[in-house]
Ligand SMILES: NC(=O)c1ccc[n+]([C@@H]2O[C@H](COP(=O)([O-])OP(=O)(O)OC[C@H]3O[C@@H](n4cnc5c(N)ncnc54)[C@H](OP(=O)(O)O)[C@@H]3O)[C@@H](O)[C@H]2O)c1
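Consider the single chain below, provided in structure tokens and representing the form predicted alone.
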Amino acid sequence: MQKNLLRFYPDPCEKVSIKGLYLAHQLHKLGTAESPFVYANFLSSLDGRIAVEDAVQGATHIPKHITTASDFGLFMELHAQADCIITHGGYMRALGEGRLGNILQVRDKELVEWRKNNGLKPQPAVIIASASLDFPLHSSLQEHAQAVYIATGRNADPDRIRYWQDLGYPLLFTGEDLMVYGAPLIDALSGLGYKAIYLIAGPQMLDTVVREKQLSRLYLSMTHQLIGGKDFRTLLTGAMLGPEGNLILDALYYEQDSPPGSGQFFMQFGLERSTGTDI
């Protein structure tokens, strides 16, 4: 049975189908090579947790009880519209260790067909942001013939730089120290011709693209659950933001009883500098 959401904003309040909800945004058409459309998506609890730390393993993970099929389906609809996705070395390490699932490819047959029908390559390119350059590459990247770029700072370890260059992977130097910064990264991807850039790289990368005014749109799924805990991750990592942190609500949807015994909001925020159009 097809699931419906209740749209609270904008008016009128009505039931809408969750399937195809984000595909209808046509994000792949909103940017140009000169001015890419950069969008991010996060899942959060009501008290702002996007991940918690495992005291035994010493690694962060997303609590399974806040994840839902609805959120993952919308996540993949956003994925399907991207020319390239930005992830990070920490995710590649977790993927290699089996601590996280593989989200590097669009695997749903309908979404793969959607990409084909909309003039996109079978799979998006993958940009891996890393200060240490110490991570494994997942075999699925080669299996799906995806373009892979590695972004790092100019002062990254020269031996690790040579390691990746010897393997034939192009490096993007997008920061003056070890870290990757938002503005030079998006500028480099613009130079490569990417128009729709999907950020799935975590709070540190979100922080720099917001702070450097590169974000076009933020999607946020918020479950109506309180998690608590002392060791957790939230949306941003840096110092307090000023006006660059101001967001404008574009859409708000409500799903009842998912997660079980709770519910969740699906929210979409734009920025005054965004080049996006009405949904």
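The shown structure was predicted, so the numbers you read here are calculated from the model rather than taken from an experiment. Residue indices: 1-based, along the sequence shown.
What comes next is about the form predicted together with the named molecule, which is not displayed.
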Original post:
Is the named molecule close enough to L30, V38 and K195 in the model of the complex that each of the three has a heavy atom within 4.5 Å of it?
Top reply: no
Only hit among R93, H144, R107, R160 for heavy atom within 4.5 Å of the named molecule in the model of the complex is R93
From A80, L172, I85, M205: within 4.5 Å of the named molecule in the model of the complex by heavy atoms is M205
In the model of the complex, does Y254 have a heavy atom within 4.5 Å of the named molecule?
no
Exercise for the section: State yes or no: in the model of the complex, is some non-hydrogen atom of S130 no more than 4.5 angstroms from a non-hydrogen atom of the named molecule? Expected result: yes
4.5 Å heavy atom contact, P184 to the named molecule in the model of the complex:
no
4.5 angstroms heavy atom contact with the named molecule in the model of the complex for G89: yes
Assert contact_stretch over 197-205, 160-168, 108-116, 136-144 against the named molecule in the model of the complex, heavy atom within 4.5 Å, equals 197-205
Within 179-196, the residues having any heavy atom within 4.5 Å of the named molecule in the model of the complex are M179, V180
